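Let's start with one chain on its own, the form predicted on its own, as structure tokens.
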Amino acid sequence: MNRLKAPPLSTDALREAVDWAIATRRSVRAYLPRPVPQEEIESILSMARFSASGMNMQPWHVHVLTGEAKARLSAAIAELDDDPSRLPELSEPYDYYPREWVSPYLERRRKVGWDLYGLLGISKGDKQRMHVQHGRNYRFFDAPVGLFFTVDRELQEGSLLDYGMFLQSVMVAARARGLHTCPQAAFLKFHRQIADLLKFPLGQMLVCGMSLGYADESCVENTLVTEREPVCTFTTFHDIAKETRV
């Protein structure tokens, strides 16, 4: 990839293509069994490696699971998830979510949860069906590819910011190839078991998991499209020249 070459499309066509890939990225929770060739996975990761990182540290490391390797890990995690007596064994490597939910984040969290459960016909008191649905995370929602992302524990919060850009690049590059993804923090509480099963290098910390594949558009859960706040609600424009004019 020549990073200095001219764009392959007109400015308007390029903007439309990039905007489409960003806007159509969503968390897909049901996939077709259609396999994703290794060359396609490598192509996605090859594009994502151009993500920005402080001092070009490139703090990412990716574990790709398919076939029997993915099935064995999913079965091991499901066995743990279905055994409440083993909950004391579990802990998360870092706080992804706030320890105490406050507005407006609490309302947004609740809405996406109940919108999904509503599509699936799961009522608020149906804990068993909620557990089963949540457990689909650990099968990567039947996607043919599971990804785990790790980072060196010695690095600091800035590297997690860099990692977020890398993850977004993976997801956008996947959309450009007709694929969908679902980034998954649900795996975090099993980070020790995953590290043992996949033999993570010493000092590597799990950042998140991700499903990758072709969406099964016949599944009702894939009709969920989450809402986004308009720019005016999270942006403040400062015209310094106007503010200092006399």
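The model shown is predicted, which means the values in this text are computed figures rather than measured ones. Position 1 is the first residue in the sequence shown; the rest follow in order.
Omitted here: the form predicted in complex with a small molecule. The next part is about that form.
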Find out whether any non-hydrogen atom of Arg26 is located within 4.5 angstroms of the small molecule in the model of the complex, and reply yes or no. yes
Even though the small molecule is not shown here, does Arg15 get within 4.5 Å of it in the model of the complex, heavy atoms only? no
is_contact(Gln184, the small molecule) in the model of the complex, heavy atom dist at most 4.5 Å: yes
Find out whether any non-hydrogen atom of Asn137 is located within 4.5 angstroms of the small molecule in the model of the complex, and reply yes or no. yes
Partner-free chain; cross-checking the small molecule in the model of the complex, the single residue of Val112, Met165, Val132, Leu90 with a heavy atom within 4.5 Å is Val112
Looking at heavy atoms inside 4.5 Å, which stretch does the small molecule contact in the model of the complex, given the options 39 to 47, 55 to 63, 212 to 220, 26 to 34? 26 to 34
